[in-house]
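Here are two versions of the same chain, shown separately as structure tokens and labelled structure 1 and structure 2.
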Structure 1
């Protein structure tokens, strides 16, 4: 008997994870379950599938979702196009790490403050708020998330690969396309994940930088909950989660393939 209690109370390093596990249970798992349950309940708490009908039957919600995905794709593409050359150049110069820090520093300032400041600048410049300003705000906010992983991967590439390619007679373009780019695929993928997933769910940036004229999926979810339409709001949240999971899954799959590329390259 004593032995059993002794075993029960045994303290290992595992014990230290309990507080966080408890936290996860309370604030992540239980809310997710609640969302799932709410999706099947109507306002009188009866089981129903009407919420699904309402969401998938209404073209408006699907248009909003489509708009959000498009904005997400554009933001990610812009971040990649702007971020890759920056990360590439920074990885080549010796003081690159310090400059990267300068890029990342703004991340330490709360994004709401930065967005409000951006808005004030646009207003002072007389720029009309709309899709353009929203995209600017998104790219500005998420660019560091793209540069960071890219820089880490690019500066981690063994120089000898590049030298080997040059030895074998590759010109600059070929060196870049055949060695640097394939070797940095994992960085590109994690950059895309880190930008795309948060952008499809943003709502504050779009709301602030367009005065509420650009209405994204995040805004839609917020509106539903605010209006007490928990069922539809929950379904939207689930749809969003599914998108996050899908993009994560695709990224993982690609990542594994890219490892294979690396090996075959070697």
Structure 2
């Protein structure tokens, strides 16, 4: 009898997963179900498809979506162009981890405060707010999310591969293109995912750094819910979720290919 009681009271790994499951249920699954249900309800909670007509029938909504995707692609490209050389250099020096920490420290400050501070700097310098300042704010906010996975991946590359390539007579450019770059593809894909997905769904940055001139998809979702258009806002949220899932699917597919390239190098 004592042994049975002891077995019932014994903590297992499954027990520690219950709080996480409860958290996912309350703050992920239920909100997603509510969004899906609201997409098919009108203001009087009657089933309707008018919300879909309002969204897909309005050219302005599709234009805002296209602009958001364009800003996301440009921001991701700029973060990769800037972040890869920085991560590569930092992976070569002993104090690289400390410098990476300095890049991450601003992330502990709320992004709205950072954006307002950036706006104040632009105004003090007399810079006209517009698309250029919005892209700067996007890159400023999301560049650390590109540098971190790249630095981790580049720092973890086995130096023996580079030494072997050099022993075979490869110059620095060939070593980088044939060895370092293929082995860092997983970090590149992680950085792209961590930058592109939040960029296309972000809000407030475009409004603050353009004085309301530029309106992105995240801002449209926020405005729809503020105006009580829960059905339209839910559809826009679903559309954004679909783009997130598609992005993850594409990145995972490329990641599998990069792992195959890595195995071939081994």
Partner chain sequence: MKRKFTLCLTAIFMLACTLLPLLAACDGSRNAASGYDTLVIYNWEDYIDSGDSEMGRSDLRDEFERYYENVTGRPLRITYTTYDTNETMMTKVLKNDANVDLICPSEYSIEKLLLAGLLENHNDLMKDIAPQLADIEKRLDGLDKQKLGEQELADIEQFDASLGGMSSLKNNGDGSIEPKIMSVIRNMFSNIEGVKGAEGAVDMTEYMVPYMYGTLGILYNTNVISEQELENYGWGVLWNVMENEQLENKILMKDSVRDTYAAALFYLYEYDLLPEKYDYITTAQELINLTDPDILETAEEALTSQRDHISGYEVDFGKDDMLNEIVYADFAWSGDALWAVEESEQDDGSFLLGYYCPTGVNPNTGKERFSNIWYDGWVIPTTVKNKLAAMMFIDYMCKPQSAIRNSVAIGYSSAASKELLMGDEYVKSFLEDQEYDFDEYFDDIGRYPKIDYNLGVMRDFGARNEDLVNMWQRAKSGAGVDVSLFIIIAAIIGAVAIAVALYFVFQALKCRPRRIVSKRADNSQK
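Values in this document were obtained by computation on a predicted structure and should not be read as measured data. In this text, rigid core is short for the largest set of C-alphas that superpose within 1.5 Å between two forms. Residue numbers count along the first chain shown, from 1.
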query: Structure number, where the criterion is the form predicted in complex with its partner chain; finding: 1
query: Rigid core superposed: residue 246 CA moves 2 Å or more between structure 1 and structure 2; finding: no
query: For residue 21, CA displacement between structure 1 and structure 2 after the core is overlaid, in Å; finding: 2.4
